[in-house]
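Okay, here we've got a single chain as structure tokens, the form predicted on its own, with questions on binding and movement later.
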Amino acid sequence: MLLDAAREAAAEAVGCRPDELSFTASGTQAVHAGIAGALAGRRRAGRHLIVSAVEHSSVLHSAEIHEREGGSVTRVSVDRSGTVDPAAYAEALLPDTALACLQSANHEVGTEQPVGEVAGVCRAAGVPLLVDAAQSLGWGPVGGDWSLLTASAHKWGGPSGVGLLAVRKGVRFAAQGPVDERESGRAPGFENLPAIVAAAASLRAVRAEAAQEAARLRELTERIRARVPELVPDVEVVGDPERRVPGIVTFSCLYVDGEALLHELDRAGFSVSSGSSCTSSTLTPSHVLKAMGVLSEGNVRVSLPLGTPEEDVTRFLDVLPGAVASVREKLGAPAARVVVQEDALVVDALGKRCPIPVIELAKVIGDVPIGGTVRVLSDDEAARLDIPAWCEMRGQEYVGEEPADRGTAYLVRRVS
């Protein structure tokens, strides 16, 4: 009875029938089960999968597995705000497309996606659309004629370890792996009943206050988006300024190491995150920021939980300028070797991790005449993202890259 009541409450919030909704052990498991089941169910239609370039890693990992098993994947690009173009999904549709995936809102920058338009394009082509609604479901149901939907309870303040998978009636779906009688065969094993009840109860409670709290958090996030560039020089606020979920603000600071800035803010009592640069495990830049073409280093993601007081935002804005200045001062010391080679100034930043190559580029760009070129040598993969992003922010021309004896040479022409 408790499980049935929780399913009815969650289905009402999602906007589907109770018998279309299954509980899983996590949002990631819901994504993996949803994609695998939909692809298997439509195997006769083909083996082509469409995803956006900024999807959550769980979606991209499923796409990688699909490729390794012989399927094909199209990754739809986004603009600088992180938004997909519905026309790009229409162009990506092929006669053998089995499934398309699109997040409702981005987990790193908060940008909302045009799910309704993309769902319409897919529906007209007879292709089901799976929507990863983890970032937005707490604020309201996902509109559009989607076919499958996934979500994660901890994203709306519920317990960890509970995911949702909704599969509309009429969608061809074949659950993969060992199957039992529970959750329509889509999530084997006994349900975590206390967590599921808590997840459904918290979703209902959050939704009851969503409109009022969303308006309040939007005001606070707008204050951060407006004030940060005024308080801190050389900062780019990323993500769509209008179509965005409440409570997420992301900005990139030139000449700053993201992890170092997180430590400075942590000492001041603020627990923020970096949707950027490198993680300690992979040492690779964020795929979201890379797809958007924005600065990957010095990126900070501020998430405002439900009930965040205005005083916390005010103090954060007071602390941030000093924290950024401190990190920049510490990173300003390393000096790269600069030589003149023919008509170009060469900055040797080999062996130095970003943002050092960008810092050294900024130091010498004024030493060449307008029309002159700076050639930055770097063996840090992040430079491939950060040097073009710096040019975009500073109004200089990024010419391109070319192989070097060690690493890569990035060419920048001074235009102002």
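Keep in mind that this is a model prediction, so the values were computed, not measured. All residue numbers refer to positions in the sequence shown, first residue = 1.
In what follows, reference is made to the form predicted together with a further copy of the same chain, a form of this protein that is not presented.
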| property | result |
| --- | --- |
| Contact test, all of 61, 178 and 188, partner a further copy of the same chain in the predicted complex, heavy atom 4.5 Å | yes |
| Option touching a further copy of the same chain, based on a heavy atom within 4.5 Å in the predicted complex, out of 321, 157, 161, 144 | 161 |
| Residue among 116, 233, 305, 194 with a heavy atom within 4.5 Å of a further copy of the same chain in the predicted complex | 194 |
| Partner-proximal stretch of 170-178, 250-258, 222-230, 99-107 relative to a further copy of the same chain in the predicted complex, 4.5 angstroms, heavy atom | 170-178 |
| Touches a further copy of the same chain in the predicted complex: residue 25 (any heavy atom, 4.5 Å) | yes |
| 4.5 angstroms heavy atom contact with a further copy of the same chain in the predicted complex for residue 373 | no |
| Close approach of residue 65 to a further copy of the same chain in the predicted complex, 4.5 Å, heavy atom | yes |
| Non-hydrogen atom contact residue 32 with a further copy of the same chain in the predicted complex at 4.5 angstroms | yes |
